[in-house]
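A single chain, nothing else alongside it, follows as structure tokens in the form predicted alone.
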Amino acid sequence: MKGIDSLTGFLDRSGCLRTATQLVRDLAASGQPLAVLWFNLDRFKQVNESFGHIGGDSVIADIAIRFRARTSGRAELSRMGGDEFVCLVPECDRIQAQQLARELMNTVEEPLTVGDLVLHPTASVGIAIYETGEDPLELLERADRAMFASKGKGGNSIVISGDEPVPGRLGILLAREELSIENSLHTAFETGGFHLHYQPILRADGSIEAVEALMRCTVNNQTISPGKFIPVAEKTGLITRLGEWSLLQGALQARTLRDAGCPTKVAINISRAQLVSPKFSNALHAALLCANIQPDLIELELTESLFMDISETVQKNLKSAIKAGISLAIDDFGTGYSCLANLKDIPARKLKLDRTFVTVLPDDSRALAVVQAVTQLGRNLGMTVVAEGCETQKQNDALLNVGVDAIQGYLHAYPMPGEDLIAWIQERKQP
């Protein structure tokens, strides 16, 4: 159901805002107070890291059941994504809100079992009381800021909006920018503001290894950079919807290329939120069916940490993609959690070296040695090695000299719309 979180049965972010707006309208005339209680589970990241997302989901579901039992008939409940919950409590003043917050904190702290361990969770709580004439979004913002102030005190505490330290101007501007970007993302879904550009990856002989699909967003003739809208999409949960759209559009572009006589593999980036979803495999196969293409025309790019996620859902989704005939690639290798020892166990056919190794070539001899070593290791493991971020001829020559199989970067081609890509490929075919 739209507006309902599938895991907890609570309202989601958009449902929470709609409900808050309606409550403000209903209570404004009567002059009754409205309280917003924003909960964030403390140290929840440790639960996910220790027990995987299945264990984390079980904790979230358990807490949700407890909240529902304690607030039945008293509050509207929302899950704001991840480990955050919001209670909208009509006819509730400051003192009553504090009492309810303590009551719910106590129920959070009741022991629960995950695997063979007994956990004693706690929560940080922010409270905001509706002020006459206040915008519902600002009311939610104040509760969110109060919760962050509670986290800043070490967690397991309550902070009421107005009691927290005044945030710096930069912090307020960043928070408002995120809300503005989130609103733009919803608008882009409604108006067709998302589109994919494609950047070719070229082999040493100049032939095309693949094209990478890169997300672009334009709203009201204004372009929002991926560096800004992707993190917001991940934080708000919109990344799953965006990822499913990207899968379909990438598959349709692969069909367009094939029908134009330019059969080329399209590489599509996959987020963690997609891969931990039980619906991912269905979305992937639906994209292939809708586009009516062979699976070998699609490649999925994932970070190494996703390959090493041992949760049952992730492994099932990876195996399903491989069984369907779709190839997998390790993206941004050499950063974050990258580990050479993991390569032998990863079912990927391609390894993409992060641009941080490429931009310093050929002057940085240590970076060049790393690229050479990883290239040789990848070749011994039967993997295609791609270098990202190549912008100069000197970088290109250095990469080819150490045996990199393919190169991606502005030197060869900038990301371009699908129709321009076809023209670019066809022009290269001409003698």
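The first residue of the shown sequence is 1; numbering continues from there. Computed from a predicted structure; not experimentally measured.
The same protein has a further form, the form predicted in complex with a small molecule, not shown here; the description that follows concerns it.
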Location of the small molecule contact in the predicted bound form, chosen stretch of 106-114, 213-221, 128-136, 185-193 [non-hydrogen atom, 4.5 Å]: 213-221
In the predicted bound form, E391 touching the small molecule (heavy atom, 4.5 Å): yes
Proximity of D331 to the small molecule in the predicted bound form, heavy atoms at 4.5 Å: yes
Distance check, I270 to the small molecule in the predicted bound form, heavy atom within 4.5 Å: yes
Any non-hydrogen atom of E301 within 4.5 angstroms of the small molecule in the predicted bound form: yes
Check all three, Q199, Q274 and P415, heavy atom within 4.5 Å of the small molecule in the predicted bound form: yes
Contact assignment for the small molecule in the predicted bound form, among T71, T236, T264, S246, heavy atom within 4.5 Å: S246
Listed residue that, although the small molecule is not shown, lies within 4.5 Å of it in the predicted bound form (heavy atoms), from P347, G155, P226, G325: P226
